[in-house]
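First, one chain by itself in structure tokens, the form predicted on its own.
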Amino acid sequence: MAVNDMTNLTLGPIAYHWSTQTRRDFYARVADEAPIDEVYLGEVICSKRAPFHEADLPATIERLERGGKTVILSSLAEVMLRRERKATADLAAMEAPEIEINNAAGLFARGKRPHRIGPFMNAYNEATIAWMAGRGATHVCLPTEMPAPAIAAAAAAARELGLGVEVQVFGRASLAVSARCYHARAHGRTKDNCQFVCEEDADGMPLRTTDDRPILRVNGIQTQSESYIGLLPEAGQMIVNDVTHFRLMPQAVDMVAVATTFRNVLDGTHSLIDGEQALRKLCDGISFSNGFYHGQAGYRRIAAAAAN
């Protein structure tokens, strides 16, 4: 599956509450070893976590840029408190690096200065993308639940407007964010006195049905899919349909190896079959899904489509 040089691999912001040292080690490896073009940094899920890693941001940015990566700072997906409004406004006031906005409060604060649109902003159709472009958007990451025809239509519209188009091709899908923290409630704590229990679940807290089947993951105020989105087989068609960026979401697996697998298949140095086998080995025990892309229930894996 050899593709042109305009196809970019990106690494989304870490959604989980990883420890400070884990984050430092993670981004050091990404900077030095991962065939990633662009890296998104910042706390997107819970503002209470931000102080744990904000102090490291300048050094992380410098390390990643020294490694040849473009850095983008992402905003919170949910803005409710005064401190969250201030943090969003401070981010929106920055001239560099680029910023990705995930909440309407960020759009208001940014005005018409250039910015990217994150996957929490619900850019589902051409009219919305055109409106966003008119407000200064230069790039849009589409929501994970969009099917192939909608992605193609959105990407065509974005191309005409000169916008980059990004689709998540690996990692858990974000299904919802809430004002309440179920992660804390599940441990008998309140949101204000959570004691950062989410740090115990580096890949999200599993939820199971009454008959003991895995169904979802909880990450603070966020609900995620149990399966990892896996759209490596669909990447070629998305490139044809003008998708310019493929997003890998950080999970508790070897993300350098995941990125290398995607890059090798996209560059045509490894076959799709080899790539799929490598991903299954790297993510042992985790199922993959592509249902949303094929217009079906998101958790499904459409085997015939994957094989093609």
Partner chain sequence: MSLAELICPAGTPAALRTAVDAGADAVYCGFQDATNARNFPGLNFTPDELAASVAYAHDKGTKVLLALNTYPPAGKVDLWRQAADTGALLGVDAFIVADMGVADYIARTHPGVRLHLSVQAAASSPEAIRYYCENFAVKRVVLPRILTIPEIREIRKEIPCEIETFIFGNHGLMVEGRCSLTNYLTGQSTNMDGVCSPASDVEYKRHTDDSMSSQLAGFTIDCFGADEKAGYPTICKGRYTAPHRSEPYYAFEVPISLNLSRLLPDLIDAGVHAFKIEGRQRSKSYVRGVVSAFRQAVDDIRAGREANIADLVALTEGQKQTQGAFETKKWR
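Positions refer to the first chain, counted from 1. Every value quoted in this text rests on a predicted model; they were computed, and no experiment measured them.
What comes next is about the form predicted together with the partner chain, which is not displayed.
S.K.: For the interface check, one of 233-241, 175-183, 90-98, 161-169 should have non-hydrogen atoms within 4.5 Å of the partner chain in the predicted bound form; which one?
M.R.: Of the stretches listed, the one contacting the partner is 175-183.
S.K.: Indicate whether residue 203 is a 4.5 Å heavy atom neighbour of the partner chain in the predicted bound form.
M.R.: Close contact is absent here: in the predicted bound form, residue 203 is far from the partner chain, nothing within 4.5 Å, heavy atoms only.
S.K.: Even though the partner isn't displayed, in the predicted bound form is residue 18 close enough to the partner chain, meaning a heavy atom within 4.5 Å?
M.R.: Result no; residue 18 lies far from the partner chain in the predicted bound form.
S.K.: Taking the partner chain as it sits in the predicted bound form, is residue 72 in contact with it (heavy atom to heavy atom, 4.5 Å or less)?
M.R.: Residue 72 lies outside the contact set for the partner chain.
S.K.: Can you tell me whether residue 198 touches the partner chain? I mean in the predicted bound form, with a 4.5 angstroms heavy atom cut-off.
M.R.: Heavy-atom contact with the partner chain at 4.5 Å: absent for residue 198.
S.K.: With the partner left out here, if you bring back the partner chain in the predicted bound form, are 191, 207 and 296 all within 4.5 Å of it by some heavy atom?
M.R.: The answer is yes: all three residues contact the partner (heavy atom, 4.5 Å cut-off).
S.K.: Going through 151-172 from first to last, which residues have a non-hydrogen atom within 4.5 Å of the partner chain in the predicted bound form?
M.R.: 153, 154 sit within 4.5 Å of the partner.
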